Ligand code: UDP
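Quick heads-up: it's one chain on its own, the form predicted alone, in structure tokens.
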């Protein structure tokens, strides 16, 4: 099956990492078309997945764009759509992985008569997108997509609630290769020594730095934890959110946490960094579509505290595979961190159980098999 994958970003977000895994089985017959250049292209090239940057300039539409702004950007899409349409005629399926990719892919699908698949990895609600962009995504998916794959039941429910056709939706959880998350003890010790974390109870937060990801919640919680509890933040601002980064550093100073907090920025060695933590905390204040970091932490055999909202509710079984806390409740986060630290034997048992379940529930081989079956079912080609 020949597939033209489309993604709007050149950055390495969760959607892009998942797309690389989905595209891997088709790398002999597919093309990943990017609407922006960046590290994602380099990752695909390293994995020998054909990739091409299709856009000559960024699409000037943001998640919060209003109608007139979105309408005004249409003119800049015309050359890109024409290019994608021409390329698409050499493929069996157009597979849109992000919302901007959906816009381009839907028009190209109509013009080329090539079936369109939309892999929805976002909660389509006004907490994440403007009403205009929500309506646009729903309208395009309903009228042009043969199949909408959602990465959780929460994502599917939000799509349908916003007006999406339930008949074309199927849930497929993100998949992972468990062996990627095995780390040697010597590597863990080296990282702890490098970061000066020996003798501390280390809490890790792995996400891009963004207000809705809630890094400020963990900082507030840390101020209520024992003084030997330290935190590392792995990730950086991606989409014009540098003001939030400055706010976080200011908060660290105001709370007197300079000796207990490290911002490590974007890192390629996420797995050993996770393994070097005693606990992984997820603090999003708005519903997560899935929660990739949570599953990765489980696969690293790290205990997880996560916000009880969105797709996270499908990943964590409270008291058995992790802990759930209300969104925005820093005191409860601090309380659970302290409980985990004080009851380490039972905490480790929960982490072990979570790892076993994650290996079974979120195995990449199963995910790719499900997607292949859906593509054959929904996207019959001559």
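Numbering follows the first chain given and starts at 1. In this text the structure is predicted, and so the values were computed from the model without any measurement.
Beyond what is shown, the protein has a form predicted in complex with the ligand; the following relates to that form.
- Only one segment in the set 140-148, 93-101, 207-215, 255-263 has any non-hydrogen atom within 4.5 angstroms of the ligand in the model of the complex, and it is 207-215.
- Scanning 364, 17, 24, 374 against the ligand in the model of the complex with a 4.5 Å heavy atom cut-off leaves one residue, 17.
- Listed residues 232, 136, 270, 81 were compared with the ligand in the model of the complex; 270 is the one with a heavy atom within 4.5 Å.
- Put simply, residue 291 is close to the ligand in the model of the complex: some heavy atom of it is within 4.5 Å.
- Although the partner is absent here, residue 10 lies well away from the ligand in the model of the complex, with no heavy atom inside 4.5 Å.
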